[in-house]
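In structure tokens, the next block holds one chain alone, the form predicted alone.
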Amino acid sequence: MKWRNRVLGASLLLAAVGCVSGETQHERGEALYGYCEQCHGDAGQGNADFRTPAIAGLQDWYIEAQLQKFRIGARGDHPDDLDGLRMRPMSRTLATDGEVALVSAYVASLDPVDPPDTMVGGDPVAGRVLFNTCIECHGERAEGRRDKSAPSLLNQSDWYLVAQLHKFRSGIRGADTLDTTGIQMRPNALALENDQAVRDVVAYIETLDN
């Protein structure tokens, strides 16, 4: 009986430590986010003036992967990627992989936002057809798939989605040999034959937020 009580007591202690540790990790992630807040906003809502995307509620595994890409130069190292060049040194303020994980978990815990529509001229009906090539990785509702390393596209600024598709198409993003998932994305972006097709598919994605 005493042995059982000791085991039970140890289990309760470990559970309590786990709870405290979880709270501490969240608070640490929030503190680390202070570096990000000046550009991405206090709620992760993004800022079109700074060319920073909404990140609130993005999957932690995706945020972590992108931060690591910025840190090693797999993303944000192209001379024409002005936004990425600003982001890369910010990613390096995170000193360890553990800090990357903590801030990623914090951002994922934020409530998703609904950025305002800014794009004109997109046809969501035509975009629905074009989106068929995206479904395998991003899902039918653009919810993202971890097994494909493809993020959710929901609750994202339309201008940002357009900008990233153009970067993939031009080779500013997804051409570095270290960016294995970006390399997989680039052919799909190139399948959009022109700027109108880019606007159309983004217009359709924006309807999925509703």
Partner chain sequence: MFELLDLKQGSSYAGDIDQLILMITIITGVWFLLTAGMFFWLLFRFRAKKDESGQYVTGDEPQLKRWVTWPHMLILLCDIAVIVMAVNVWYTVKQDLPEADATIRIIAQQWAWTFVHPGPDGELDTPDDIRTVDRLYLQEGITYHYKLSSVDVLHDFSVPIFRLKQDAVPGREITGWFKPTVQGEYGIQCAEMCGIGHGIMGARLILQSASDHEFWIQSNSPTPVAQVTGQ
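These numbers were taken from a predicted model, which means no experiment stands behind them. Numbering follows the first chain given and starts at 1.
Below, we refer to the form predicted together with the partner chain, which is not included among the displayed structures.
Interface residue among L85, M119, V129, I135, judged by heavy atoms within 4.5 Å of the partner chain in the predicted bound form: L85. Annotated contact segment (heavy atom within 4.5 Å of the partner chain in the predicted bound form): 163-171, selected among 163-171, 146-154, 60-68, 176-184. Among heavy atoms of N47, none comes within 4.5 Å of the partner chain in the predicted bound form. The closest heavy atom approach of A191 to the partner chain in the predicted bound form falls outside 4.5 Å. Although the partner is absent here, D80 sits close enough that one of its heavy atoms falls within 4.5 Å of the partner chain in the predicted bound form. For S109, no non-hydrogen atom is located within 4.5 Å of the partner chain in the predicted bound form, even though that partner is not displayed. Within 4.5 angstroms of the partner chain in the predicted bound form, the stretch 95-115 places no non-hydrogen atom at all.
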